[in-house]
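Presented below, as structure tokens, is a lone chain in the form predicted on its own.
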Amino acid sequence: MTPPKTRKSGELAFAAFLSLASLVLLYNAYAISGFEALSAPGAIPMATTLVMVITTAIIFIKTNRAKPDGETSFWVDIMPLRIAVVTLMLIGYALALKPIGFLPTSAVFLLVVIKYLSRRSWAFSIGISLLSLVIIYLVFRIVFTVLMPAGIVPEGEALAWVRTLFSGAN
């Protein structure tokens, strides 16, 4: 006989999230073309997400029936304060990226996160964050020509000025 299953802290909420996300995906798959025919563009996405809905519902029901183990704490074992703080910083970064722009938002984000997580000096945090930002910018903006949100920094004008310096134009 197998011992009764117990559930860890946060496991039921995660199972509920997966079930809800699967339902949203099923709705989006249905929105592709409805249920016209087995060869319709949305048939495979609907079949896949239907399997997800069924399996996540089974997982949710089994998890709900399990007794909490009482040994784990969500805020200690699953989501300690450092993880919660960095998660909130990431959300703030995502919200500030478009209106403020890539360079200032990334500079502040990297500086704050590196200082918070490393607990080293401000000089170390500033140096590593600026070095990281320069490398990221060069790789993605210059090498791969990925457009970053400009925001408050006149990046286009600065790049044009640098190009004129290197092209020899007066």
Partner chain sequence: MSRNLISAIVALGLTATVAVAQDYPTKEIQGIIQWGAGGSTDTVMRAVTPGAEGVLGGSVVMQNMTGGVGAIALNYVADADADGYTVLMGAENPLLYKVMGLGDKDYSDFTPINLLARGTPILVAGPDAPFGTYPEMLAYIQEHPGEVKFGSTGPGGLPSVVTAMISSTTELDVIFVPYDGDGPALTALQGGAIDVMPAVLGASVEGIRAGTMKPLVVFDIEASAALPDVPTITSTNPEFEAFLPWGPFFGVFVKNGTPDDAVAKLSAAYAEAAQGQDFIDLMAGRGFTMMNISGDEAQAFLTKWQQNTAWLMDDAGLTKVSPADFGIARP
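Residue numbers count along the first chain shown, from 1. Just so it is clear, the structure is predicted and the values come from calculations on it, not from any experiment.
Quick note: we don't show the form predicted together with the partner chain, though the next part is all about it.
TODO: Consider T145 of the chain shown here, and say whether it contacts the partner chain in the predicted bound form, taking contact as heavy atoms within 4.5 Å.
DONE: It does: once the partner chain is placed as it appears in the predicted bound form, T145 has a heavy atom within 4.5 Å of it.
Open item on the list: L20 versus the partner chain, in the predicted bound form: is there a non-hydrogen atom within 4.5 Å?
Closed with: L20 lies outside the contact set for the partner chain.
Open item on the list: Quick check on A123: any heavy atom within 4.5 Å of the partner chain in the predicted bound form?
Closed with: Close contact is absent here: in the predicted bound form, A123 is far from the partner chain, nothing within 4.5 Å, heavy atoms only.
TODO: Scan 43-66 and note down the residues that get a heavy atom within 4.5 Å of the partner chain in the predicted bound form; none is a fine answer too.
DONE: Residues within 4.5 Å: none.
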